[in-house]
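Just one chain follows, in the form predicted on its own, and it is written as structure tokens.
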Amino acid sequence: MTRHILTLTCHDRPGLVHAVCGGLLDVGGNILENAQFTDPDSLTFCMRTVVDTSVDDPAVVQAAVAERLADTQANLRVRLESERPRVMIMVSKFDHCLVDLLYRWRTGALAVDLPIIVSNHADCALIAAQYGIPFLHLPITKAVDGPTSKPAQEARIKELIAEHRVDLVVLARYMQVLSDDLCEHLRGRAINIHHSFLPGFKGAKPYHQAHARGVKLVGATAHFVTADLDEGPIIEQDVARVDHTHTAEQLVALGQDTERLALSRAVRFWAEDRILLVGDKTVVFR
């Protein structure tokens, strides 16, 4: 028997679950897990189903379900559960999110393949080598009173995505703003993490700014990358409560913990097809 993951979004109407189940029954499918939700604002129906069947080809399973949904404009996808998505990690100097993702990958908690790590700095090269993953240093330079090398660097990133058949790009504290062009190229295929003080404390040392203002919570937000900086559809968030006894350095440490947790969960949710986009927000079947 072969296990498949089915995801579906479409305008809600009676009979959708019946149609999906009928299509799965046509290929001898046995539903092992199912989650569904209708967004009340857009009336978008969302569904994620894990099914076991003797049919090995997910295209055959998808065609059987699509036939039952022929009168809808359904966004339907079926893939093998055993199929591991390919993820490119991009990082700068801060390595806490990178190390956390690599540990989860090595222990099997994150079921993805990691063909390459890309950075605009060389600081994390040793970490990549310890895990046996190719590391490529793509610096961004700026001529005196002239243009930067960023367009050429991003063009190389696009080439790497194609060369390595990358399904998802993860910005694990990659401290460069992606161009609008690259954001559009990666629409729905790139996840970023940032501290949740935005837009209150911007720029350098946000945790120190927050400490000076006496914040009581620190946190992090994982979201899809869009041209609107740090405003893409939110996937996951985490928080930690703090008080007047915490130093700025302790806030940094706690903040990094929330960044690690929020990002790793977001990547896992994506890898398991648990995230469905509905307009500017997400439905996440945990």
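Note that the structure is predicted; figures quoted are calculated from it, not measured. Heads up: residue numbers just count along the shown sequence, starting at 1.
Here the subject shifts to the form predicted in complex with another copy of the chain, a form of this protein not shown in this document.
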{"query": "Among 157 to 165, 182 to 190, 207 to 215, 84 to 92, the region lying within 4.5 Å of another copy of the chain in the model of the complex by heavy atom distance", "finding": "207 to 215"}
{"query": "Close approach of residue 137 to another copy of the chain in the model of the complex, 4.5 Å, heavy atom", "finding": "no"}
{"query": "is_contact(residue 58, another copy of the chain) in the model of the complex, heavy atom dist at most 4.5 Å", "finding": "no"}
{"query": "Exercise: residue 225 in contact with another copy of the chain in the model of the complex, heavy atom 4.5 Å", "finding": "no"}
{"query": "4.5 Å heavy atom contact, residue 104 and another copy of the chain in the model of the complex", "finding": "yes"}
{"query": "Contact residue in the model of the complex, from 122, 177, 80, 99 (heavy atom within 4.5 Å of another copy of the chain)", "finding": "99"}
{"query": "Residues in 270 to 286 close to another copy of the chain in the model of the complex, defined by a heavy atom within 4.5 Å, in order", "finding": "281, 282, 283, 284, 285, 286"}
